[in-house]
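First, one chain by itself: the form predicted on its own, in structure tokens.
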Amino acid sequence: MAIDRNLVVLIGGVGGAKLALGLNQVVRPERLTFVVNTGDDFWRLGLKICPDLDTLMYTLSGLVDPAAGWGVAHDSDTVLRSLQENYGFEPWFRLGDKDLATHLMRTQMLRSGNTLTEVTACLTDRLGIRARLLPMSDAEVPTIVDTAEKGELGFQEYFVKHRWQPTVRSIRHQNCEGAPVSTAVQMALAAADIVLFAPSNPWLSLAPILAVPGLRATLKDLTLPIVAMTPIIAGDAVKGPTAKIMTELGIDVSAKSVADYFGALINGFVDDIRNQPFEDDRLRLARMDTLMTDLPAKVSLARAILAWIEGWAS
């Protein structure tokens, strides 16, 4: 039976998309809203690329490449290869031919005066997605990574071009002071019964959302379950640089450190059964198998999290 509560999920990355697919199976779609990181967004070949929005769209619509967890399944790269072979274009960021269709549509609509929120609503509607996907802001708030070896890098240069190998010294969110919370996000949070932080990289995928002016204050004013999840399992990240970044920033690689990162913003935390248990008097704590290896595991975890929250929130 679908859960009939308004759920708002702050989300980014492939790990977040895995949970989103499970939630989409157990929450009524009209009750489900995803506030998506856009700090990863950038311009490439004159096109507006929104990797986290695209990953979530492709995942929920069934278009995603299941092996990679991002991009379109069975995509080709004719355009990218032609750019490289004929014009010497450096193809460090993969743009599949089917994937390009999304970027072309988005860019055309943005240049016609639509906001990113409006564009995303149109794209998700065309893909048959009934849950709402809201960009964290309609303004551009690019994540900038300061590294020891390469200096400051745009997020995609750090993450894709250099394969997240440079040592991170700090992370900032450019133009965040000029990117207020959108009306759509404000309305979604005002109507929420539960807020959930997906098991996304806190420093790369969730920090940009929390950097949007007004977002933290809005969350602090809410009197409802606000729950975060660990992206750390058995002392490491399942995929990506979460653990590496924590080490480089001098943070202990543990679920407790993730809970501490959110601090007073949350009142509940879901840890993994493989992690060392910890106590925190501020939080309701649950321990679950959070490793989402297939669709049944994603659905089971989504159902278990929401059932646990219902147990102490009702």
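In this text, all values refer to a predicted model and were calculated from it rather than measured experimentally. Residue indices: 1-based, along the sequence shown.
The same protein has a further form, the form predicted together with a small molecule, not shown here; the description that follows concerns it.
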{"query": "Within 4.5 Å of the small molecule in the predicted bound form, all of Ile49, Arg94 and Phe159 (non-hydrogen atom)", "finding": "yes"}
{"query": "Partner-proximal stretch of 50-58, 242-250, 23-31, 259-267 relative to the small molecule in the predicted bound form, 4.5 angstroms, heavy atom", "finding": "50-58"}
{"query": "One residue of His103, Lys98, Lys150, His173 in contact with the small molecule, assessed in the predicted bound form (non-hydrogen atom, 4.5 angstroms)", "finding": "His103"}
{"query": "Contact residue in the predicted bound form, chosen from Met292, Leu306, Val14, Val9 - any heavy atom within 4.5 Å of the small molecule", "finding": "Val14"}
{"query": "In the predicted bound form, Trp203 touching the small molecule (heavy atom, 4.5 Å)", "finding": "no"}
{"query": "Contact flag, Asp40 vs the small molecule in the predicted bound form, heavy atom cut 4.5 Å", "finding": "yes"}
{"query": "4.5 angstroms heavy atom contact with the small molecule in the predicted bound form for Trp70", "finding": "yes"}
